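We begin with a single chain expressed as structure tokens, specifically the form predicted on its own.
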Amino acid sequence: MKGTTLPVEKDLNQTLIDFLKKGLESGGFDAVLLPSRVPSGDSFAYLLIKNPSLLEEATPLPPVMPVQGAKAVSSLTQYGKTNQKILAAMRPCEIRAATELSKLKQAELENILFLSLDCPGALPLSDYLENPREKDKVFQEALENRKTESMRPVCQVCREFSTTTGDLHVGRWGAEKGRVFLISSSEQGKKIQETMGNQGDQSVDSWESKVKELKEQRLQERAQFHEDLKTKAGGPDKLLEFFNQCINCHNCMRACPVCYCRQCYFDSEAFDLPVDDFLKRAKKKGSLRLPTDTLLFQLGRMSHMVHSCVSCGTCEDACPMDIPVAQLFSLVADQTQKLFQYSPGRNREEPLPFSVYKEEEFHEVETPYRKTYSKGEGKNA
């Protein structure tokens, strides 16, 4: 892997803005999709920008993630591809989610180029809203000192913080002070570099070495994090207690980039029941909690999207009851994806595990009944 280096004269944000401006002006790409601070100053929204002068208000690496970037890509391309080249600047988890949406036919990534960054994580949205100006400083300090203690729990143990699944990647790790790496991770990325006059032929060994070291550390921390979580949510009783405060608002579903169904079963007429049905259930059980089926919703949603979960944490940010839902989903996602040897967003050509049938699969979890009949020894064989 090769790249070049960019000087960080003021701060990383301005360095990225200058690079994106140069890319627009040189024709490396036709438009840019990236976060920008809203006028009130307390949040960020994705903007599609063609005028280079408007990039000054943009924030390629915002301190929070109020909108998952994959949802912005989906809203832009779900009805067809663009003939112009759009460079989307996003965190690695957002790019990986966009890749999953493309496999689910919810996004068209032809002519969508991605600029990813070594991600320090994101601050909890609820914390940020308490004092945005102060939290901006906290995030900037964390970015400069490369610390994660103030970030969301799933960000602190993220193992994909430097994943290069896009076309260009900005690497902070292992770079000399006052510089960052700009790494070409695809042929399209190389062409952009050449168009902008960058050779892109420098070694990035120091970045790769530092990333490897940090990933090994994160993997150990993530394993311990999940072991601790199992003690809190393992088993039916603890799982019910874990989701005890769920109010069935479905905010987590709406914030999740890979919960893409236009009509969710849990929002359908199947749950529009007359009062007599509730009374019958209350009579059978003695009492009935309202709203109903909160655990069923969480487990149902998990079973549908866990193979594509990228642990972006937006579901947890969206929860008004502060349920650590992203942490539990990351645990189940890790276990499920390991079984299928699948990493969401790793490769656009790799099929979703639930969409492919393999005759030789999961023999290690077969029941004796299944083994008997598969050998033709059952009575109806």
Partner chain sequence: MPKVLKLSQGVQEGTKELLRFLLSEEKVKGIVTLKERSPQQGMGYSLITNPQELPNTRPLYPLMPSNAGKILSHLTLKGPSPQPLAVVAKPCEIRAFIELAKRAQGGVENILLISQTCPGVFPLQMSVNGGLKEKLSSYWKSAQKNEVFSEIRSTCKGCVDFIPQNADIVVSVAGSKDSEKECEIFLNTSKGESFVEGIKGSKAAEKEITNKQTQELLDKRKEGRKKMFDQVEAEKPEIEGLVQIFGRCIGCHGCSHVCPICYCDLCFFDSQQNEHLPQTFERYLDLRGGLRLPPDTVFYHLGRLMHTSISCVGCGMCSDVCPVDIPVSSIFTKVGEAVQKKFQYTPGKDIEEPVPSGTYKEEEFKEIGEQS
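Residue numbers count along the first chain shown, from 1. This structure is a prediction, so every number in the text was calculated from the model and none was measured.
Keep in mind the form predicted together with the partner chain is missing from the figure; the text below concerns it.
Heavy atom to heavy atom, is residue 322 within 4.5 Å of the partner chain in the model of the complex? Residue 322: contacts the partner chain in the model of the complex.
Can you tell me if residue 271 lies within 4.5 angstroms of the partner chain in the model of the complex, counting non-hydrogen atoms only? Residue-level check for residue 271: yes, a contact with the partner chain.
Looking in the model of the complex, any heavy atom of residue 237 within 4.5 Å of the partner chain? Yes, residue 237 lies within 4.5 Å of the partner chain in the model of the complex.
Using a 4.5 angstroms cut-off on non-hydrogen atoms, would residue 80 count as touching the partner chain in the model of the complex? The answer is yes: residue 80 has a heavy atom within 4.5 Å of the partner chain.
Exactly one stretch in 280-288, 152-160, 177-185, 209-217 has heavy atoms within 4.5 Å of the partner chain in the model of the complex; which is it? The contacting stretch here is 280-288.
Among the candidate residues 125, 204, 143, 113, which is the single one with a non-hydrogen atom no more than 4.5 Å from the partner chain in the model of the complex? None of the other options qualify; the answer is 125.
Position in contact with the partner chain when the complex is considered in the model of the complex, options 43, 26, 347, 59, heavy atoms within 4.5 Å: Looking at the other structure, the residue within range turns out to be 43.
Note that the partner chain is not shown here; using its position in the model of the complex, name the residues of 43-71 with a heavy atom within 4.5 Å of it, in sequence order. In sequence order, 43, 45, 46, 47, 48, 49, 50, 51, 54, 66, 67, 71 come within 4.5 Å of the partner.
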